[in-house]
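Before any questions on how it binds or moves, here is one chain, the form predicted alone, in structure tokens.
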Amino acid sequence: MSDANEHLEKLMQELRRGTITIAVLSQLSEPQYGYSLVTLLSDKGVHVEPGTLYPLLRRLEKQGILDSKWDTNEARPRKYYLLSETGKEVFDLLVVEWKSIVKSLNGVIEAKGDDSNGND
């Protein structure tokens, strides 16, 4: 693996780590259990390892952002997660912040592209 690819892989991992929370929250207006979330996100192009997702869900629940409920009607009990009222507010605020960050970064990236004519 080249140095550039190695650096890219590490940087992409950092970038994904920062975006997984908003992706997860975006899918929890309806109750979901862990594996259904992994599948749902993967189908939308957001790949999350179960070993990353489950600790995140527990942390968000502990912070009061998610509510959870066990469903023991199936052969295998499942813990379903859903945005709490606080979680809905937090998600809405995160979306505003995310859009602001994307807009700012797009401006920075596009401005850098304009500077590529050699005039530093």
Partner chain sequence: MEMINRYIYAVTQKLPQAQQKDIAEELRGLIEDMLDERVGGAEINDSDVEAVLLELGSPRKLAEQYRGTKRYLIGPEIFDSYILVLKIVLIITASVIGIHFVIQVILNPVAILDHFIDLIVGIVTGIPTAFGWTTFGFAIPEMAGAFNSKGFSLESEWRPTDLPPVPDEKRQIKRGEAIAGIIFYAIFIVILAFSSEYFGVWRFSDEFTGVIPFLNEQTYGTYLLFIILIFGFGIIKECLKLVFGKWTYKLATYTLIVNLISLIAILFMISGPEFWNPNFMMELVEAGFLTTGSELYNIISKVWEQSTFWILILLLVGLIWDVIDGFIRARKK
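Numbering follows the first chain given and starts at 1. Everything numeric here is computed off the predicted structure, so don't read it as measured data.
Unshown form predicted in complex with the partner chain; subsequent notes refer to it.
Engineer: When the partner chain is placed as it is in the predicted bound form, are Thr19, Lys44 and Lys88 each within 4.5 Å of it, taking any non-hydrogen atom of the residue?
Structural biologist: None of them does, since no heavy atom lies within 4.5 Å of the partner.
Engineer: Can you tell me if Ser29 lies within 4.5 angstroms of the partner chain in the predicted bound form, counting non-hydrogen atoms only?
Structural biologist: Answer no; every heavy atom of Ser29 is more than 4.5 Å from the partner chain in the predicted bound form.
Engineer: At 4.5 Å between heavy atoms, is Pro55 in contact with the partner chain in the predicted bound form?
Structural biologist: Within the cut-off, so yes.
Engineer: Consider Pro50 of the chain shown here, and say whether it contacts the partner chain in the predicted bound form, taking contact as heavy atoms within 4.5 Å.
Structural biologist: Result yes; Pro50 sits at the interface with the partner chain in the predicted bound form.
Engineer: Going through 20-47, which residues have a heavy atom within 4.5 Å of the partner chain in the predicted bound form? Please give them in sequence order.
Structural biologist: If the 4.5 Å heavy-atom criterion is applied to the partner chain in the predicted bound form, 20-47 yields Tyr33, Tyr35, Thr39.
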